[in-house]
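Just the one chain here, the form predicted alone, laid out as structure tokens.
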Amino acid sequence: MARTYVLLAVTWTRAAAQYPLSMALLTVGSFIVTGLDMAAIAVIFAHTTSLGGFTLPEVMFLYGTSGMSFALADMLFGNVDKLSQHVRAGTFDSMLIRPVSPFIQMAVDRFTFQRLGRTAQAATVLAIALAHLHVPWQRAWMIPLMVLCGIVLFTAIWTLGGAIQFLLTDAPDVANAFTYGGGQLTQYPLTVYGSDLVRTVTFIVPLAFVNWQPGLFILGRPDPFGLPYWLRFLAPVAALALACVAGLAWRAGLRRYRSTGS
């Protein structure tokens, strides 16, 4: 499936590259627009020295890791949330008769590298944060694992949102509350939110494992909410569990799908 995904992604990228100026401007535009989120954080720190008990480099670290996970998941699999559009138009039926996984076709549909602008912006912020934090190698090994688990978690949530659209064609708004909303939520220390919300995104919708719990380990900080220390190492478990649930939901949706007849 990976080979098929790459081939289809290359095809879409070549199509977009026929208009290089447009592609470049959209990529740069994505970098600048997403940078406004970081600008908002900078404005906050112009009036205070900490946010939820975290310094500017620490907040930049949380922002960068969350942003990279979200941007890469969005670029690679974010199109799954457009399933209802294909169902209403009847184009999803054609995907079912092709010798390629419908999930892969949905994920790579109209693939574009223009979203790399958002990834580059988050990576830049993360690099600046790490330069100021000087994280020791004994904890730095968690960073790439954390980003990878974040990609899996966001992808699983998009997949769950897509699976719901087999039944509810207006479900994208519900899914966006957890994907785009989750991306915004994890940009900040969870100490700025209530403890009930923190427990919800830890034990029900595991967004806390995108960067908060592993981030506490990397930054060498105690958990402000008094949650167990071992939770900091459960990001791979949370990602695998949610991915399995999403996979089962997607398969169940496919089995119950009925053609529009168009």
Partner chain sequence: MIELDGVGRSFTLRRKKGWLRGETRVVHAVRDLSFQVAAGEFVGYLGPNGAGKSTTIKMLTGILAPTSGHIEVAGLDPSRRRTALARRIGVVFGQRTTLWWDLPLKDSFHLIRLLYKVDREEHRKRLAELCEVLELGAFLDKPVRQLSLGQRVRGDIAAALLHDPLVLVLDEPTIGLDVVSKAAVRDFLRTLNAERGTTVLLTTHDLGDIERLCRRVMLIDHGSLAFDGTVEDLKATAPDETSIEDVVTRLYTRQARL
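Note that the rigid core is defined as the largest set of C-alphas that superpose within 1.5 Å between two forms. Numbering follows the first chain given and starts at 1. Bear in mind the structure is a predicted one, so any value in this text is a computation, not a measurement.
From this point on, the text means the form predicted in complex with the partner chain, which you will not see here.
Candidate site formed by Leu51, Met142 and Arg221: none of these residues places a non-hydrogen atom within 4.5 angstroms of the partner chain in the model of the complex. For Ala15, a non-hydrogen atom is located within 4.5 Å of the partner chain in the model of the complex, even though that partner is not displayed. In the model of the complex, the partner chain sits within 4.5 Å of a heavy atom of Pro99. Contact check for Leu254: a heavy atom falls within 4.5 Å of the partner chain in the model of the complex.
In the model of the complex, the partner chain lies farther than 4.5 Å from every heavy atom of Ser22. Residues placing heavy atoms within 4.5 Å of the partner chain in the model of the complex fall in a single listed stretch, namely 108 to 116, out of 70 to 78, 179 to 187, 145 to 153, 108 to 116. For the stretch 67 to 96, the set of residues having any non-hydrogen atom within 4.5 angstroms of the partner chain in the model of the complex comprises Gly90, Asp93, Ser94, Leu96, in sequence order. Core-superposed comparison between this form and the one not shown: the CA of Tyr19 exceeds or equals a 2 Å shift.
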